[in-house]
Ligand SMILES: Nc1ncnc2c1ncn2[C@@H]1O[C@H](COP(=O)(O)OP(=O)(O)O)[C@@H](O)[C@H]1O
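This document opens with one chain alone, in structure tokens, the form predicted on its own.
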């Protein structure tokens, strides 16, 4: 398959009143054309900062200090902003957590959905309106001609998220970035939105990055899972391979603390301790070592690289967790 995106040794930090926060610390992964990768991890693991770095949507107090983001052979991090604006919304579509933050309350929803077509001069205003109504229909909004004229406050949360997806997809992007797209929705609507994203991805033959804290959701929607901890990828594998046998201690703990429906009731196993403080100097060793039941002296002294332990299966850990027990 053709490699569409390659994130290599990406480092991002934020300047705040409490000091420098090292939010992303050497993240690396690839995405092939037509595939979906899920970025999974606790809050603060660097998932959202990573995808916002790809789209060049970081806040003013953020700085990429190292690394590259290769998209269709172009390094997005080195492009002038004018060129990046041609890519955003056209080649890369984006869906974020809270649609209310990204929809203008005083402009009809349909006008906002058709905006990418007009901004990128893809078609006339009349055709843009027709395509927006059709896209609203495709994402499951009833009476799209009528809904086209309505304002965001007239939409429910789930409907507004569908409209945001329509806006992200209307220019037929090559890559869709979906950053926790179901966080603010109830469980039933969450399932509908995830099904819609999967369906639209297949219909449009695009690639997708799904950011989520839910491993089960990632396994259902994504071809591959990349687990992040402390601003870096600690394990990456095809979804079914990962669910059957995670290898990094953090990934194992994440899966064990995820509710699953079985015949019997099982007590969840939480991961002891807290995520690392990303301010100040980092410890020399593995960032997960203070919480790890498998840690050795080497873990505390030397940071493990992300290395291949099986076909398309990469783990950043010194210990082979299949050979030890706690």
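Residue numbers count along the first chain shown, from 1. None of these values were measured; they are calculated from a predicted model.
A second form of this protein, the form predicted in complex with the ligand, is not displayed here; the remarks below concern that form.
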Only one of 40-48, 63-71, 286-294, 26-34 sits within 4.5 Å of the ligand in the model of the complex by heavy atom distance, namely 40-48
Please tell me whether any heavy atom belonging to residue 306 falls inside 4.5 Å of a heavy atom of the ligand, as the geometry stands in the model of the complex.
no
So in the model of the complex, is the ligand close enough to residue 59 to count as touching (4.5 Å, heavy atoms)?
yes
Can you check whether residue 299 is within 4.5 Å of the ligand in the model of the complex, heavy atom basis?
no
Residue 54: touches the ligand in the model of the complex, heavy atom cutoff 4.5 angstroms
no
